[in-house]
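Shown here is one chain on its own, the form predicted on its own, set out as structure tokens.
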């Protein structure tokens, strides 16, 4: 038997105001996108903003459906649109913010598993890491330098 140790390193900012200015700008776009979320069932709104290497910013919000699996998360809404609109562009950075309509969220909310897998596909495709910043509606902000920190044993097309 062999033991494998996996280490993930994250940076934690005490607040939105402590982020670099360019990240604050991107996170503000995520806030705006969060406000467009359609969440009549969960009351859990998420916004994502993606900075591409061509300097375009693509946003997305979660969109629910009474048939829950038919909805789509903010991160996948944004990254799939970015891939469709700018197929040659690389994703440099993603900012994500979540807000509950039931209580005040001040803990960082990372992407769900399905979104991690989708982001991983783009990181593998472009062969460069994607910075990911995530937060609630306030409070601390976590930065991951690569999706590999959030999904260290990821599945990709090389296994097929």
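Positions refer to the first chain, counted from 1. Remember, predicted model here, so these are calculated numbers, not experimental data.
Quick note: we don't show the form predicted together with ligand THU, though the next part is all about it.
Remark: none of the three candidate residues (27, 59 and 78) comes within 4.5 Å of ligand THU in the predicted bound form, counting heavy atoms only. The chain is drawn here without ligand THU; in the predicted bound form, the stretch among 110 to 118, 28 to 36, 87 to 95, 124 to 132 whose residues come within 4.5 Å of it by any heavy atom is 110 to 118. Under a 4.5 angstroms non-hydrogen atom cutoff, ligand THU in the predicted bound form lacks residue 49 among its neighbouring residues. Taking the partner from elsewhere, residue 100 is found to have every heavy atom lying beyond 4.5 Å of ligand THU in the predicted bound form.
Residue 74 belongs to the set of residues with a heavy atom inside 4.5 Å of ligand THU in the predicted bound form.
Along 40 to 55, a non-hydrogen atom within 4.5 Å of ligand THU in the predicted bound form is carried by 42, 44, 46, in order along the sequence.
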